[in-house]
Each structure stands twice: as structure tokens, then as C-alpha cells.
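Just the one chain here, the form predicted alone, laid out as C-alpha cells.
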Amino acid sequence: MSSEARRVGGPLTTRPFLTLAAIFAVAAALILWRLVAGLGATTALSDAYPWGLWIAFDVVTGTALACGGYAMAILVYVLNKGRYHPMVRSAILTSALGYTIAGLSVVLDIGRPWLAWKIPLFFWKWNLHSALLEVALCIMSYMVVLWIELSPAFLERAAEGKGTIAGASRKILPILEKALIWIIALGMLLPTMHQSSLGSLMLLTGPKLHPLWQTPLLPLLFLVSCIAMGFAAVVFESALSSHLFRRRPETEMLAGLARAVIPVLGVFFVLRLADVAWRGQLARAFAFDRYALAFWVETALFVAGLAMLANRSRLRDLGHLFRTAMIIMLGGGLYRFNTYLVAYRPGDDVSYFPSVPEFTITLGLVALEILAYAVIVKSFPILSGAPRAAAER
């Protein structure tokens, strides 16, 4: 893959770049305010709703969308589909950025963020029965593992120059590449653990979670959904980046990835509906309330995604692949958002709607993620495929 990955190049401070930077600057000011004034002054969170937009979207949905690296590792290293290897590095980059943003969101969401460093270090105080501790440790560890997996791209760029750093990079690179197989194995274990534990966390809410979502299968549904969303995110990112950076799209590989989504999404969809029917909760889907509406919107997105994937004659159409991936990402994201916020019912007299700072900070973090992606792919060998003009010569 290393020989195929290339820097995109080009100017960094484009108009979209400056717009995104301005959005993040506003969010950064609000983050500073949140750290000084506290959660009560800046968010709509309460004792009844201790988790809001930052957890439901930035962490629970964001880490699933960032599972492209995990999904590609299963495909390439477990199922031995080596032809997809050129897409692994870009998938790892989106995973690393997504998990870093999720980690930052967790720090913002906890009451005393300046004590977060104690979580991995004060191991003698760990509650080994806590699903929340498992999620925290796995997300922290996976974030580090992802950046190590991506580090060959930085070392390859550094090795191009002269001097001490270039010499050290050339020595470290072969050692790191030999060790990567063990790091990748660890990188496959960690999301398996914490994605299922994200489902376990809501299992612990008992009757506070609406019966259409409350099920013993929550850990399995969260694990399967993150794999389908990860594949979809890789297709989405690759199709969009090839268009924006004018690079030749990897259409054959993207079509293959889309075909790989079909059994995963199909298993999730069958499990989801069969579980609701098996538990005798299907009648609640026709209750004409907001929960039934949320359930059917979520279900319609999955049906639409499967129907678009079934049209195999259009899987080599980049626009069709992009729209299909977006529908699957929306369906999976809504399932998780419903589970953590819409279907969560802590009481009849309490409600939650995110505050303006919560919305703005989330928007700013997304802007930061896009900015970091643009800087890294322009500066380091991440994306495979030649520029469109070169490919056409």
C-alpha cells in the first residue's frame, strides 16, 4: 500500500478551509467557556439527562462512523481480501480522527475533565464490573493504536528529507512495519469490546429505555451496526475525496465494499425486526407516538439502503454508491441516536433539548475533523489512486 498511497498536495488555506477554521474558532471559544463555567451554565444536561448531544452523536454515533478502519481490518486481515489493502490507510485516518474527536467530546462531557488522566493510570481503583470503564479504557487505547497504525505515513514523509529526523525515520519505519501486525490485532480487539459495551450501557437503563429499543441483543446490535456503518463510511469518504481532490475513484473496490455491506446490514436488519417481534413489542411500532415514528424512520432508512445495494447494476456508479453509503450511515446513526436520546425516558416531567453551545461545539468539532483530514491527506501519503489528470494520460 505504501507505494500506492500519495500526497494530494495543493494549497491548504482555501476558502472552504478558512470557513471551517472560523466555525471551529467559535466552537473553541465556547469550549473554553464550558471549561471555565461548567456544564450547568453551558449545556441543557441535568440529573435526569446526564448524557446529551456530545455523547449520543459525537461519541456513540461518531465512533461507529469511525469504524472504517475496524471494518477494513476484518475484510483485509481476517477474510484475507488483500485487494482492498490500498484503502486501509485512508480508513485508518478517518478512524483516528473520529475517535480523537470522540475522546475530546468525552472530556468535555465529564464534570471534572482535568481528572480524566487518572482513568488509565489509577488501575487499583478500577471497578472491573463497570461497562463504562471498559468503554473509556478501550476508546483511549484504540485512539493511541490508530495513530500508531497511521504513523508509517508520517515516517515515510519524514524519511524523504535529509538530516537527523529523516535518518531516524528511515531506521524506525521497517521496525514499525514488522510490529504492525500485532498492533493491528490489538486494534481489532478494542472496538469489538467497546462497541458492544456501548450497547451494554443502555441495557443497564432497564425500563427507562423504550421497549422497541430495550433488548438483551443491544450489545450484538451495536457491534454489527458499527461494522456496516464502518464500510459505508469508507465508501462515503473515498467517493467524496476522489471528487473533491480530483483523483481517479477506486470504483471497482468501492463496488466490492458495497457488496460486503449487504450481508452485514442484512443480518442487522433481520436481528432488529425479529427481536422486536420475538419480544412481543411489534404492536408498539403502530402506537402513533414519537417512538413509533422514530422506529419507522430508522427502519425505512435501512430498507432503502438494502434496496439500493440490491441494485447491483448501479454499484459501479459513484453517485449511487455515495447516496447508498449516506443512507446507511444515516440509518445506523439514527438507530444509535434513538437508543441514547429519543427512546430514553427518565421520567414524564423531564425533557432534554441541546443548548446552542452544545450544537455549536459539536459543529465546531466536525469542522476540526474535516480540517485535520484535509491537512493530513494533502501533506502525507494517505490516499491511493493517481490524480485524475495523471491517470488519464
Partner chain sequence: MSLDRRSLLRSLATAGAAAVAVEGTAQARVRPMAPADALGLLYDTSLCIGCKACVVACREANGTKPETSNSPGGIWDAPMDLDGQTKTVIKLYKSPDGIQRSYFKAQCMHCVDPACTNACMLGALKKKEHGIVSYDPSLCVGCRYCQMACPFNVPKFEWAKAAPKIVKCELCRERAKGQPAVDGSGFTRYPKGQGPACAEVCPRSAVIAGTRAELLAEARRRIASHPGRYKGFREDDPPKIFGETDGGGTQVLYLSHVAFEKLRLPNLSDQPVPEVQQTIQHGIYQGFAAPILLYGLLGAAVFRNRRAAGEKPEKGGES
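No experiment lies behind these values; they were computed from the predicted model shown. Numbering follows the first chain given and starts at 1.
Although it is not shown, the form predicted in complex with the partner chain is what the next lines describe.
The partner chain is not shown here, but in the predicted complex it comes within 4.5 Å of a heavy atom of residue 346. Using a 4.5 Å cutoff between non-hydrogen atoms, residue 284 does not count as a contact of the partner chain in the predicted complex.
The closest heavy atom approach of residue 317 to the partner chain in the predicted complex falls outside 4.5 Å.
The partner chain in the predicted complex comes within 4.5 Å of a heavy atom belonging to residue 201. Only one of 290, 243, 170, 118 comes within 4.5 Å of the partner chain in the predicted complex through a heavy atom, and that residue is 118. Checking 141, 151, 205, 299 for any heavy atom within 4.5 Å of the partner chain in the predicted complex turns up a single hit: 205. Contact with the partner chain in the predicted complex, defined as a heavy atom within 4.5 Å, is made by none of 97, 278 and 322. Of the candidate stretches 161 to 169, 119 to 127, 299 to 307, 232 to 240, only 119 to 127 has residues with heavy atoms within 4.5 Å of the partner chain in the predicted complex. In sequence order, 256, 259, 260, 262, 263, 264, 267 are the residues of 255 to 289 having a heavy atom within 4.5 Å of the partner chain in the predicted complex; the partner itself is omitted from this view.
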